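As a starting point, one isolated chain is supplied in structure tokens, in the form predicted alone.
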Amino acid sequence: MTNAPILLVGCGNMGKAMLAGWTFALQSLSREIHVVDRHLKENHQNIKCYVSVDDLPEDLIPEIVVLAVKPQGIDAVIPSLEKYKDACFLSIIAGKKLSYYAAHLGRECAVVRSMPNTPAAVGKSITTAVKNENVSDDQKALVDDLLCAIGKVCWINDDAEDMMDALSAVSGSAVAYYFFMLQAMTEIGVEIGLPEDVSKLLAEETFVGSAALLNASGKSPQELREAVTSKKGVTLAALEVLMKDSGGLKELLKEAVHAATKRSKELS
């Protein structure tokens, strides 16, 4: 692996999460990261910031270009990036297919399409990635290193790229589903008489503890659920509501995932 710079275009919530996850790992390699974002203007350590692509040094030759702008903003940015077509492009933009980049950057351009999630900021992302046929083994290894620096990576074959919309709905967007559930549990706790700080602590630490137990136990979620559910007990009373065939939690989640998948397809 060389120490050639990395170019990050766009540094919103997801871009910032990835940048935070990369910083420590890339410092040990003395690799510079050039970031284009109008809201991120302060240089520090090995990170150099620019307001627009036009402000980048003319002699910049990035090894990889990470595209993290919003889907509706990529059309305006991508013409300015054609000069970097010898680099490998790593896209985290929802809905934009490999064919989109082939049309705008050339059919010979090396592109990886991926979908990480915001736990990247603490090294706990799960990222799905798919590459086109132009990505070399060395380029894939570099992308894999970058994505592994922020969590775990699941590569899929290019003939399964159509799965990316559904995968985005299950992992990329699902972080918000879990946070909403914690918000709702906290609010419900207050409604039934708990102090807000107590309800918040109970909801959040139960979530963190449950995730840690799942990770450490080697058991499936179903096994862990059944282990904590006594016959005719308190937990079962709640689960009978959540697990109703009609109007239960699974049906609501299915509707949500289908809505997210549909929107991802619309963005393409």
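Nothing here was measured: the structure is a model prediction, and the numbers come from that model. Heads up: residue numbers just count along the shown sequence, starting at 1.
Another form, the form predicted in complex with a small molecule, is not on view; read the next lines as being about it.
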Exactly one listed stretch (81-89, 189-197, 155-163, 112-120) reaches within 4.5 angstroms of the small molecule in the model of the complex by non-hydrogen atoms, and it is 112-120
- Tell me, yes or no, whether Ile93 is in contact with the small molecule in the model of the complex, where a contact means a heavy atom of each within 4.5 Å. yes
Next item on the list: Using the partner position in the model of the complex, report whether Gly12 sits within 4.5 Å of the small molecule, counting heavy atoms only.
Entry: yes
is_contact(Gly151, the small molecule) in the model of the complex, heavy atom dist at most 4.5 Å = no
The small molecule contact at Leu213 in the model of the complex, heavy atom, 4.5 Å: no
